[in-house]
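The chain below stands alone, shown as structure tokens; this is the form predicted alone.
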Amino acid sequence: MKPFEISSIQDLKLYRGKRLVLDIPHLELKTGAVTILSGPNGSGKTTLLKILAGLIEADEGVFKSNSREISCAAAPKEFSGLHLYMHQVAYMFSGTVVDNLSFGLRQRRYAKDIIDSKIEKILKWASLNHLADREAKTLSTGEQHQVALARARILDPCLLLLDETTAHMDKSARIRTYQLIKDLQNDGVTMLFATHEEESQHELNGVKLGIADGKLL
């Protein structure tokens, strides 16, 4: 079966006890585009991204593609490995940059020659050749995010979920990260970028949405 390419969300709700913390009647996600979701801390951005990554199961809701739909109960299993979540603090596995880039491919049991070929291409794409043999955990914040973006891109995700990705970066690192995101968009990667920064909304082209108190504005 073809991987589920999400196009919209209907009647999404998440409760914490009796409190409704996320209530989204409808959300469109345009394939191959960046949707920029802006809102203050605590507005529900991260919760929404984690639901779409399959890390949290919503209480109600339906996810639709062009050909089929799935329930909120089925979503975590369906989205796993296809919808990739990137936190504002990039997580690096132990080992080199190459070790990090190859991690997901090794988990999927790709042959070594295919892994080597994909890593060669992704290092060039992200301009990371000079860092290939560096210990990933010793890199700067900006460099780690660039490695994380490359590590996600190499797995060909159906949806890339970026949670405050440019937070805590210096200006040069932000500029480089924005360029990589634009490159991903040009490659047709569907993305949802959550941010509270005005700069991100100006730097990236895409559908712009606001969120507050768990509701889209």
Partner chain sequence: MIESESAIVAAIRLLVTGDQAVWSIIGVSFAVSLRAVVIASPFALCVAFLLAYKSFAGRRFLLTLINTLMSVPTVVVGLTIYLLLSRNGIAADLHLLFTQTAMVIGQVLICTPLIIAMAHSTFQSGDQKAYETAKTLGASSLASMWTVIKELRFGLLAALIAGFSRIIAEVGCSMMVGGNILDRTRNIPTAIALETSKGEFIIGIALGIVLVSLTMLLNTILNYFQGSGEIK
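Since we're looking at a predicted model, the values are computed, not measured. Residue numbers count along the first chain shown, from 1.
Absent from the display: the form predicted together with its partner chain. The rest refers to it.
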*Answer with one of T141, S71, S117, S80: the residue that has a non-hydrogen atom within 4.5 Å of its partner chain in the predicted bound form.*
S80
*asked:* Residue-level question: is R174 within 4.5 Å of its partner chain in the predicted bound form, judged on heavy atoms?
replied: no
*Could you tell me if I181 has a non-hydrogen atom within 4.5 Å of its partner chain in the predicted bound form?*
no
_Would you classify L55 as touching its partner chain in the predicted bound form, given a 4.5 Å non-hydrogen atom cut-off?_
yes
*Would A75 count as touching its partner chain in the predicted bound form under a 4.5 Å heavy atom rule?*
no
*Quick one: find which of 31-39, 188-196, 165-173, 46-54 has residues within 4.5 Å of its partner chain in the predicted bound form by heavy atom distance.*
46-54
*Members of 69-91 lying within 4.5 angstroms of its partner chain, judged by heavy atom, in the predicted bound form*: S80, G81, H83, L84, Y85, H87, V89, A90, Y91
